[in-house]
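Have a look below at one chain only, the form predicted alone, in structure tokens format.
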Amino acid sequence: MTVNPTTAGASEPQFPLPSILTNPASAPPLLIAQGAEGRLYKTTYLVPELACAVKYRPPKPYRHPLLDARLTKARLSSEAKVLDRCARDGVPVPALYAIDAAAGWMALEWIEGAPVRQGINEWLGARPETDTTPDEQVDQTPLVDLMRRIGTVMGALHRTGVVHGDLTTSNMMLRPWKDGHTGGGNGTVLDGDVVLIDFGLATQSQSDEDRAVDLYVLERAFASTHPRAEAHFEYVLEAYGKTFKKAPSVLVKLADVRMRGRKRSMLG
């Protein structure tokens, strides 16, 4: 989904809200993000102290109602199964609180913190404009630590038989460390546990090709969004290899995927 803070919560919905967002016990819903397929709201679940995210796929007027209802139900049900599988296997993802696939919504744990994309951009932009020190001479330890944490989470995800399908640094959150944790980040904006979010395009797959494409999409996301951090992507793959025993065959396939990507770029 695309975050749109300028309009979030500023306008009335053009379609009826799902019942969970109209429950008197819930906090007034705040529109956080919206995309072509759905909207993401922040509200509360069961008690005022428990923040949650509600992902809602409203009816699509351009589709036949029966087809639209079947697609919505199938996609939400598939996403819920993926999240459940990840949670059972210890992959850091939002907990699933409730779902009504027929009505087009699911309620998820609200992940506190900032997107990885924001953290990296803030860290890269923290140096003053007058600092002309080459990047390679600046202490890269916090960024390397983060890249390794990303690789570890990716290995755990693929080990459980799930491919994300839309891996970008916008679909990863940096959740604040738990009390007493002294992990990587060294007291910077790169601190926190990496949590994967937005599994709308995820599938359950054991294919090396699918896993390699997952890694390639993330690698290209770094190239386009964080070009100054792209050189450190090797640490993602290093940690991935240490976490996932089938990584060697996936990395061989990744080389093939890269080659095909270069050929497509050359041919336009």
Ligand SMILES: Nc1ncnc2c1ncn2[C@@H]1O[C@H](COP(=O)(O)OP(=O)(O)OP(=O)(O)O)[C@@H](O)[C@H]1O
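Everything numeric in this text was worked out from a predicted model, so none of it was measured. Quick note: we count residues from 1 along the sequence shown, nothing fancier.
The discussion below concerns the form predicted in complex with this ligand, not included here.
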Original post:
If you drop this ligand in as it sits in the predicted bound form, superposing on the site C-alphas, does this form leave room, or do 3+ ligand atoms land within 2.4 Å of backbone or C-beta atoms?
Top reply: blocked
**OP:** Within 4.5 Å of this ligand in the predicted bound form, counting heavy atoms only, one of 149 to 157, 97 to 105, 84 to 92, 169 to 177 shows up; tell me which.
**Re:** 169 to 177
Original post:
Just one of 237, 212, 32, 221 has a heavy atom within 4.5 Å of this ligand in the predicted bound form. Which one?
Top reply: 32
Original post:
Given that this ligand is left out here, which of 144, 194, 197, 189 has a heavy atom within 4.5 Å of it in the predicted bound form?
Top reply: 197
Subject >> Heavy atom of each of 55, 109 and 115 within 4.5 Å of this ligand in the predicted bound form >> reply: yes
Subject >> Proximity of residue 40 to this ligand in the predicted bound form, heavy atoms at 4.5 Å >> reply: yes
